[in-house]
Ligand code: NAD
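Encoded as structure tokens, the following chain is the form predicted on its own, with no partner shown.
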């Protein structure tokens, strides 16, 4: 795999090292046409420049589609946070922040991603020397932490619009969630508040299913006390991977990438798939679902609540203002995408990309018109 350069970018790729602390990372500024590149930092033992560049391009479209003044960017640090101490992790994040001062926050604004949260963002901001260099900071530093649930809140509103287009009433519609971390937990919370019926959920230990519905509060207590949703009583137990096969109106993906493979398509029993996670399937598989009349809401539209929250943080907005703006933008952009999709008879991802690319082309001086 290699980085693909085209009319949109990437504009800059910076690779940095600090051998003394064992830090090796990179930043990809994919596009600054709409503003400073924005995207989170992920920390995994396998993250690569190619992976970061691919994710940075997704951020270009996500930020464009969300109608916020950010370009697309992403960063990665090669480290396994399960094998190092919290102190060592902090040292690595600090070294990374110091090394990318040349482009952050002038060309790139960081944020949390895989294995990076509020505490790491605080370390990053202090080491970089600028609070403007990162979002997702603690409240004490003027932040709007993603732990408030902005991404899951946005996914729930994308789901509401999708249900309307499939002529489903969200109240009493059944839904399943792959993953019960930050995103999945908040999606479950907000959709049950709308009257939807949670019938299945998974985590790394397994999945559970009850066609009559799971009690959200009970599920939360069991997850907190035992560490897994599989200890929920009064539900069928299945392997984690079976979550995509369970009968439901709406399947929300909220955890791992490449969840749905080509061979899984005929086993999915949902009318709507909402991509709360990044890249849960390829666009080719989305096309197959489109032909089968299964509505797929693409990741860069559905899960844009986090980056919209980041934008609100940069303008010193309150949590109340953040939730209001996330709701407005997700509803508006999902509606615009689906209106284009249905009118042109193209899959939603294609419609969203057309809208996002046109917005970038309008302001990009180096793009071919």
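Rigid core: the largest C-alpha set superposing within 1.5 Å between the two forms. Positions refer to the first chain, counted from 1. Please read these numbers as outputs of a predicted model, since none were measured by experiment.
Beyond the structure shown, there is the form predicted in complex with the named molecule, which is absent from this document and is the topic of what follows.
- Looking at 172-180, 210-218, 102-110, 79-87, the stretch with residues near the named molecule in the predicted bound form, meaning non-hydrogen atoms within 4.5 angstroms, turns out to be 172-180.
- Proximity to the named molecule in the predicted bound form holds for none of 38, 64 and 355, with the criterion being a heavy atom within 4.5 Å.
- Residue 203 belongs to the set of residues with a heavy atom inside 4.5 Å of the named molecule in the predicted bound form.
- Remark: residue 223 counts among the residues lining the named molecule in the predicted bound form, judged by a heavy atom distance of 4.5 Å or less.
- Interface residue remark: residue 278 is counted as part of the site for the named molecule in the predicted bound form, having a heavy atom within 4.5 Å.
- For residue 196, no non-hydrogen atom is located within 4.5 Å of the named molecule in the predicted bound form, even though that partner is not displayed.
- Comment: the named molecule is not present in this chain, but in the predicted bound form one of 246, 255, 92, 162 has a heavy atom within 4.5 Å of it, namely 255.
- This chain is drawn without the named molecule; in the predicted bound form, the residue among 303, 60, 310, 333 with a heavy atom within 4.5 Å of it is 303.
- Shown without its partner, the chain has 146, 151 in segment 131-159 as residues with a non-hydrogen atom within 4.5 angstroms of the named molecule in the predicted bound form.
- Once both forms are overlaid on the rigid core, the distance between the two CA positions of residue 42 between the shown form and the other one is 2 angstroms or more.
- Relative to the superposed core, residue 326 undergoes a C-alpha shift smaller than 2 Å between the shown form and the other one.
- Core-superposed comparison between the shown form and the other one: the CA of residue 337 stays below a 2 Å shift.
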